[in-house]
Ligand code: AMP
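Take a look at this single chain in structure tokens; it is the form predicted alone.
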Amino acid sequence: MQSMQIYLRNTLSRSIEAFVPIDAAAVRMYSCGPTVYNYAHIGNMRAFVFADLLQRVLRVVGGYSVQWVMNITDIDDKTIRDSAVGSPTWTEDIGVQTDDVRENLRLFTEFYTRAFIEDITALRIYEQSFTAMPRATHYIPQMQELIQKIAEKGFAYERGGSVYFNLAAWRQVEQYGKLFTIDVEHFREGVRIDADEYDRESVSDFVLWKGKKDHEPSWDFDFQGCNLAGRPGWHIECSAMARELLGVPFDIHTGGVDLCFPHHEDEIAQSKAGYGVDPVRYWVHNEFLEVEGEKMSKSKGNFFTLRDLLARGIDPLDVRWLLLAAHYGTKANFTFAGLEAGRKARLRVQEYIYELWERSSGSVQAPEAHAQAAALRSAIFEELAQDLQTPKALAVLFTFINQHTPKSLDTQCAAALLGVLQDVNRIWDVWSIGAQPHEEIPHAVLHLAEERWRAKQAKNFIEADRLRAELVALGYVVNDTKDGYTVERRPS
């Protein structure tokens, strides 16, 4: 298959650009990963599914090899706060707290790191797709080296045992506000910020290294002849890890739009100040995920982790489908009605695959073997090549499915179309390419399904959701119809 030119919306230029890698042999891509102080919510998951989509399109449509790094933030204000002795966030599942604050931090963050990997695996983001998933605490020497370089060049200073980036000095030589329009009227020269996260009005010197505080983990740091025991600020972590694992400059940096300022803006400043080059060619950001048309918030009762959804019996593949269905650059709206509609659409394609398999007698051919199939794949991939236009790509697919029933196709065409869907599934990864499973559904499963249906009819939706979850755990899904319901093995 001939590779296609990929186009991406670059936040740096605020325009869609043709993607040209620095090294044609491999695209180097860095994604801001989770801060592991709790289970990731579905808004976080949108950023990770988007990054997975991008690296798959680069590989499958663009024909590139990809080096993909996603960091694990295991040291910041939140992980320190919630791993502290007596924290209500600590559970028995994590283990027994010790007298060593660094060991407590390690135990706490490793628990949530494992949970994160389990969650993204359920969404078919595979650990083996990453070149590395570095923990920030494993790269503290590299962070210290970068801070030293920034200070040597006159863009950092020490106050009260902490080291800060001198934004006033930096603004004399470079623009600050390359990704996000900064209101310089709010710039407060000489004012220092210690918090890892702050709002857009807080344009002032940001912390690179935080001085040691009681009952917090710390590392020794020989800074200009003095030992500044402490720990890194959040922003410096990505700059050091990206350079160590990918080099600078590298091709693509992804993350949610909420990271444009201050996190990514600070990354640009400190990386260029220390390493002497702009660190990234293409900054690509995904928009927010809303829930039922509102910003996700625990106080509104619309805050969901992936585990919350799975506990309701929702198939993780339906969550992946929903997160891919909207274009990454637009706000997406998560609704349970949309989730159900997406499930039906996904299964519509799955049924089409089963019918094609039967029509082709189990033969899968390369799409090039048939002109109609080749044209379909080309049309789908052209939409993906144009800034990952997933809605348009799906529209192409469903238009074709609606116009071409498997019974109307000859064997060769059916086999070639299976090849198309196999290629498309290398990106979506929500279908099974093969024959429809034929098996007798166990009586116990049918009984659970019937109990769930009765609970739903009685409007006992909590019990209905519990029984659906039990069915999913057994490997089955129940689909409501206008006349009742059906039960089937969950596609793998």
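Bear in mind that the values here come from a model prediction, so they are computed numbers and not experimental data. All residue numbers are counted from 1 along the displayed sequence.
Quick note: we don't show the form predicted together with the named molecule, though the next part is all about it.
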Notebook entry, point to check: Does the named molecule get within 4.5 angstroms of any non-hydrogen atom of Gly255 in the predicted bound form?
Noted result: yes
Note to self: Does any part of Leu259 reach within 4.5 Å of the named molecule in the predicted bound form? Heavy atoms only, please.
What the structure shows: yes
Next item on the list: Answer yes if any heavy atom of Ser432 is within 4.5 Å of a heavy atom of the named molecule in the predicted bound form; otherwise answer no.
Entry: no
Checklist line | Proximity of Gln55 to the named molecule in the predicted bound form, heavy atoms at 4.5 Å | finding: no
Item checked: Location of the named molecule contact in the predicted bound form, chosen stretch of 291 to 299, 244 to 252, 132 to 140, 161 to 169 [non-hydrogen atom, 4.5 Å] -> 291 to 299
Next item on the list: Identify which of Glu287, Glu216, Asp196, Asp315 has a heavy atom within 4.5 Å of the named molecule in the predicted bound form; exactly one of them does.
Entry: Glu287
Next item on the list: Could you work out which of His41, Arg466, Arg59, Lys456 is the residue within 4.5 angstroms of the named molecule in the predicted bound form, going by heavy atoms?
Entry: His41
Check: Within 23 to 51, which residues come within 4.5 Å of the named molecule in the predicted bound form, counting heavy atoms only?
Finding: Cys32, Gly33, Pro34, Thr35, His41, Gly43, Asn44, Arg46, Ala47, Phe48
Next item on the list: Check Lys300 against Ala337 at the C-alpha atoms and report closer or farther in the predicted bound form, compared with the shown form; the change is 3 Å or more.
Entry: farther
Notebook entry, point to check: Do Gly43 and Ser299 move together or apart in the predicted bound form, judged by C-alpha distance changing 3 Å or more?
Noted result: closer
